[in-house]
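As a starting point, one isolated chain is supplied in structure tokens, in the form predicted alone.
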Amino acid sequence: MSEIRLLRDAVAQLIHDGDIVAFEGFTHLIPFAAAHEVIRQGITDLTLVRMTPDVIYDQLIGAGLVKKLVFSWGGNPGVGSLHRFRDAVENGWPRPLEIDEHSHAGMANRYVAGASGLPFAVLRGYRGTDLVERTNTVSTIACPFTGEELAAVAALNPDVTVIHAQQADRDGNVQLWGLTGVQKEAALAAKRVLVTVEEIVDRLTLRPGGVVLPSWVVTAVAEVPGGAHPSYATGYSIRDNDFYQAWDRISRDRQTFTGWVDDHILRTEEASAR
């Protein structure tokens, strides 16, 4: 059964140096507040996993906490590059970054395999790309029924999956709705699961199309209103487009970036940077 905790306590207890951590969320419900708490606590040597690493991972990489990134596509959505990510890959600043790049379909299937307790997943994909030459987590397999050659991708089982959701009840059951990505699969694949939520309610009201994670899936819940900012939470907040535009300028320069981290993360206990 999941426990309701303060965010700082949940992060300290669930995320450790050297862990494989997935911060998942698609367009909205991106768990920025939890990532900022990781930065405050200086949890390092992380392998980060995410289907679409954007600003949240630019911040963690720029803070020097990440040794490896497992991902598919990376960028500042609608704006451009992730400059801290790029600086780490091209110049090794603030530390060298190992990358393991996949397609979206490959990453989704890796989570599904992990959630299913299987060692790998099979899909049609990767043909015509050089991704297979750059990773040891993609191979080929012959279909035992047709002989067709298919791609096989190794399962993903993060030590910790972190997501943001709209609601949890007092027993630790979680519900999220709106655009959903692979949060459910990433949670089911992980050893430990931390969910930050907009609010804790006495009882969940089930919604058509909503994703419910029962309390036995979730290790800890933390109530963090605004915990997805600058992304949004459907029904609770809107996307801060100005922040994403501003991030391009903030992240281009190392000194400007480190100053922003000092001012908006390290010196504040707010749930998210405003």
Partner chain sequence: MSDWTNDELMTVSAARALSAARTCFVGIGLPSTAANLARRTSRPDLVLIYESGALGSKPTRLPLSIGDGELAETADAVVSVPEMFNYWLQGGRIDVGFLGAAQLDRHANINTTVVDRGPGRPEGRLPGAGGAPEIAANCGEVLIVLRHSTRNFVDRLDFTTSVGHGAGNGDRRRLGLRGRGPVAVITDLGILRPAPDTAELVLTDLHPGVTVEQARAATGWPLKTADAVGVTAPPTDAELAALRGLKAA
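In this text, all values refer to a predicted model and were calculated from it rather than measured experimentally. Residue numbers count along the first chain shown, from 1.
What follows is about the form predicted in complex with its partner chain, which we do not show.
- Annotation: in the predicted bound form, residues Phe32, Gln41 and Val138 none come within 4.5 Å of its partner chain through any heavy atom.
- Heavy atoms within 4.5 Å of its partner chain in the predicted bound form are found in exactly one of 188-196, 168-176, 154-162, 116-124, that being 116-124.
- Using a 4.5 Å cutoff between non-hydrogen atoms, Arg239 counts as a contact of its partner chain in the predicted bound form.
- Of the heavy atoms in Gly147, none are within 4.5 Å of its partner chain in the predicted bound form.
- Of the heavy atoms in His102, some are within 4.5 Å of its partner chain in the predicted bound form.
- Among heavy atoms of Arg95, none comes within 4.5 Å of its partner chain in the predicted bound form.
- Taking its partner chain as positioned in the predicted bound form, the only residue of 36-60 that brings a heavy atom within 4.5 Å of it is Met51.
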